[in-house]
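Next comes just one chain, in structure tokens: the form predicted on its own.
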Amino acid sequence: MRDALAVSRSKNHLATAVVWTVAIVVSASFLLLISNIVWEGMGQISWTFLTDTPRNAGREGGIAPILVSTLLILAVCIAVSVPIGLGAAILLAEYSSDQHRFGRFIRRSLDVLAGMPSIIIGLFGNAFFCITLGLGFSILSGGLTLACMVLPIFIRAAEEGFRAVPDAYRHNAAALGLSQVTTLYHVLLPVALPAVVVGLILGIGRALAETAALIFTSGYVDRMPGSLLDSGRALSVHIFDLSMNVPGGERNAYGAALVLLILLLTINLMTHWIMRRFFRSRSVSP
């Protein structure tokens, strides 16, 4: 008996040591990556860098047109993804059971699309949005293509959030005579909101870091866009071009990479602040 307890304790200690080792390695790799970007890119960050246009193939000047194009592409992506994704998640969670064939088919399709290589989605976006719909290389084409990448992640996360809401909430709402729309908006959505936001943030993170899909849809042009039908270069594409195709562009590439990290961090902090205000106004604990 004592030997069995000793073996069990040694296994537990070994498992704990392995977990801590993996955690330390992952954390150290992350900190090393972030510190390298901050160290190399901090010297490039200035008001001129953020407001000036690129010159000399991006070696000089700033990233103002690239930053505007990135925000416009992201705005198109979010504007398309949120209503479609939220509606699809509600449909799958509230009106389609696990045994329903149509629901199972949609869920499996979303899982496959979530793991689809971005280059394939970029080729689809080029063939459908740019050529078939005649949008050409444009910010609109890039945003719609990114929406195709964000939707599978967002829908599945939001669906799980709605499914995690206890059935007692639905039964109590029905006992009070609330309609399904009222129950969804005033009861289920506030409780499922954290999962919905997590799915959206994960999708935005993938969209901001995407390069291959945008090369085939939004294009390479680094001038200030005049409309959504103009071509625009995203930050990720700009970083790729400076680091791979432009000799001497590494310094501005690091600066653009740091701006991209700050942008993603800002979006996360703003989302967290909005969620806190939302729950505080409704007196609901997340």
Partner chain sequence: MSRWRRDKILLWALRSCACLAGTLLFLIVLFLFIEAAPALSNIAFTHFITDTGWHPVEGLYNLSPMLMGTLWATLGALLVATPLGVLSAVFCHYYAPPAVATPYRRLIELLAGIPSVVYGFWGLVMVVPFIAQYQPPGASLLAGIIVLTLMILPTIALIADASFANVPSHYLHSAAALGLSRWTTVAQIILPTAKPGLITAIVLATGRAIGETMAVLMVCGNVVNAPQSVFEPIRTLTANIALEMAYAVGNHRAALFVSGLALLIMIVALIILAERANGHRQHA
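Throughout, rigid core stands for the largest set of C-alpha atoms superposing within 1.5 Å between the two forms. Note that the structure is predicted; figures quoted are calculated from it, not measured. Positions refer to the first chain, counted from 1.
FYI, the form predicted together with its partner chain isn't displayed, but the following is about it.
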Item to complete: State yes only if every one of M116, A209 and I239 has a non-hydrogen atom within 4.5 Å of its partner chain in the predicted complex; otherwise state no.
Response: yes
Worksheet item: Want to guess which of 224-232, 244-252, 65-73, 52-60 is within 4.5 Å of its partner chain in the predicted complex, heavy atoms only?
Response: 244-252
Worksheet item: So which of A88, I153, L135, I78 gets a non-hydrogen atom within 4.5 Å of its partner chain in the predicted complex?
Response: A88
Worksheet item: Does its partner chain come within 4.5 Å of any heavy atom of I37 in the predicted complex?
Response: yes
Worksheet entry | 4.5 angstroms heavy atom contact with its partner chain in the predicted complex for M42 | no
Discussion item. At 4.5 Å between heavy atoms, is V196 in contact with its partner chain in the predicted complex?
Written reply: no
Worksheet entry | Contact label in the predicted complex: I204 to its partner chain, heavy atom within 4.5 Å | no
Worksheet item: Which residues in 180-218 have a heavy atom within 4.5 Å of its partner chain in the predicted complex?
Response: Q180, V181, T182, L184, A209, T211, A212, I215, F216
Worksheet item: Does L229 count as moved between the shown form and the other one, where moved means a C-alpha shift of 2 angstroms or more after fitting the rigid core?
Response: no
Discussion item. Would V68 count as moving between the shown form and the other one, using a Cα shift of 2 angstroms or more after superposing the core as the test?
Written reply: no
Discussion item. Assuming the CA distance changes by 3 angstroms or more, are L202 and M270 closer together or farther apart in the predicted complex compared with the shown structure?
Written reply: closer
Worksheet item: Are D111 and T271 closer or farther apart at the Cα level in the predicted complex than shown, by 3 Å or more?
Response: closer
